[in-house]
Every structure is written in C-alpha cells, then in structure tokens.
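One chain comes next, on its own, written as structure tokens: the form predicted alone.
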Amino acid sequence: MRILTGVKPTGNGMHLGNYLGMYKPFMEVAKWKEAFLFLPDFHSLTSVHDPEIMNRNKKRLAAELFALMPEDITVTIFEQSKMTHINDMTWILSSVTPYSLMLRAHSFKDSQTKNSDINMAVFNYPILMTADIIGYDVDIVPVGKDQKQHLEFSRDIAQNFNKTYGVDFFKLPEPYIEKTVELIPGTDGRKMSKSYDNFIGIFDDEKILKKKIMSIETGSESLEEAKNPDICNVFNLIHFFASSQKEQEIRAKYLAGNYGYGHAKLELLDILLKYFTPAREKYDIFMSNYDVIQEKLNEGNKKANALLTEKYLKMKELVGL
C-alpha cells in the first residue's frame, strides 16, 4: 500500500498544527507502508516570486522534515519541481477537468476575497495537486480537514479521465484524517494557521517560542481560583505533548487553584522543548551540513520520478500522443 502527502515550503517552517494535523498522523500511517512525502515547490509559485526566498524556504523545510522523521520509519522525500513530467500530466488532466469544478475550489474562492487579480496558478492549483497524488498510484493521502476538498477533486478528475478514455487507469485515493487533532488551537484560540499569524513554530528560537506561548489567550480567573483545563487553549496543547502522568499532574493543579495560566504556559514551554529537543538538534546539524539533506533529496527525486514517468508514458499512449 502506498501513501503520500506534501508540505508546502513557506518561510515560517513547520508549526505545531502542521505536526499534529498532518506530519505525526502521516508517520503513524507510514509504518509498514511505502510512504512518500514531497515539497510542492511549484505550488509555492502562486505567491512566491523571489528565487532567493524560494530556495531558502525549501532548504529550511527539507531540513525540518528530515529532522522530525522517526528513525524507525522509512519515508521517501522528494521535490515536486524535479519530477520531469508532472506538468505534462497536469496539462492532460486539465483537458478532462470541468471549468465548473475549479470554480468550486476553496483555494480559488478564498483568493478571490483577498485579491481581485488572481494568477492562473491559483485557479489551476487543484489540477496540479491531482497530478501530485494520482500520478504515483497512491492508496491513502493523510490530509487536514481543510484539505479534504482537494482530495475529492483528485478523485473526481481521476474518474473523469477513466470514464473519458474507457479505462481503469488511475486509482481513487482515500483520505486519512486524524479526527482527534482536527482543530489545533493557535495563540488566539482559532485554528493554528500561518494565515492567522497565531502559530507556534517547532523550530523557533527559544526566546521566540517562549514569547508566542506566553501570548496564548486564556481565561481571566485569578491565581487563586480553580480553572477548567478542558476549555483552556494552553492545556489543550499540553494534552498533545505531555506524558499521561504529566498531563494528569497539571490537570490537578488547574482544578486545585493557586495555579495561574502563566505557570501553565511555562510548563507547556518546558514540555515542548523536551519533546522536540532531538529534532531541534538534528535540524541545526542539517542546516550546517546541507549536503547530507540534498543527497537524501536526490535519492528521493530519482525514485519518485521513475514512478511518475512510467505512469505518464502510459497515460500519453492512452490519449494518443
């Protein structure tokens, strides 16, 4: 069984929401499966038009992904732009994609509300994403709840191709959504997102990490009052990263009183630093010796490109090219 997901390279790197909503579930599903994780750098061109920024973002994200990877799991990580025929496949898929389908895309609608002059890459985004998924005969795609529509579009477009050419050529991948982590609260209580600027970065400098954690919105109870941990944004994050014993200890402190939100935030900071210490240390090593990462990417690019090329050549023959 083959699984695949992607992480878009942005300058802010991986945050807790990315990790809990996508990366950690992906790694859990990846056990005993053929797993692929890619950097969709072509997708970044919808908004990034500076080559130095693009390269810096890709370098940081690649180092983060390898730093976070468990040692007992093998995942092929590759770069979208190194796939020779990804855009060729996208063009053929666009010929069986209804215009009306693209008008329903959340990514397109959201962009319309923010910008009246939208580039065509934004509009065609779901078709390229479809090629990213079905081009590798993927069975399962771990996604966040907000990305579910893109996978539904991929299935629709794959079905359109199969029906148009009378073949059972593309698989219809299934989504995998970890329901227990559908909503990871940001510092303002809303879903953690870079667009809301309420995220907590995994690889942030310790001072920045502390500043963000101390800014998490909480209740207004006094230090002496008992507090409800189940409705607290701080405790919600503690729940995901603390050991069961530590979580119960902090819960008891909330309920007993004489325990302030500031105390809880400092405990969260300590928990996160301990949880991510191995990854943060590896990240520093990788960033100072990036040749190691590039070698790993080259291996992943070669393997993924072979799969996509084989699929594309068969597709090209099916359509009569």
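Note that residue numbering follows the sequence shown and begins at 1. Values in this document were obtained by computation on a predicted structure and should not be read as measured data.
Beyond what is shown, the protein has a form predicted together with a small molecule; the following relates to that form.
Looking at the small molecule in the predicted complex, residues Asp204, Ile213 and Lys274 place no heavy atom within 4.5 Å of it. Although the partner is absent from this view, Arg280 stays clear of the small molecule in the predicted complex, with no non-hydrogen atom inside 4.5 angstroms. Among residues of the shown chain, Gln147 is one whose heavy atoms approach the small molecule to within 4.5 Å in the predicted complex. None of the heavy atoms of Met83 is located within 4.5 Å of the small molecule in the predicted complex.
In the predicted complex, none of the heavy atoms of Phe240 sits within 4.5 Å of a heavy atom of the small molecule.
Stretch 35-43 is the contacting one of 35-43, 280-288, 61-69, 261-269, since its residues have non-hydrogen atoms within 4.5 Å of the small molecule in the predicted complex. Though the small molecule is absent from this view, in the predicted complex it lies within 4.5 Å of a heavy atom of just one residue from Leu93, Val234, Ile200, Met129, which is Met129. Listed residues Ile157, Val141, Met192, Met89 were compared with the small molecule in the predicted complex; Val141 is the one with a heavy atom within 4.5 Å.
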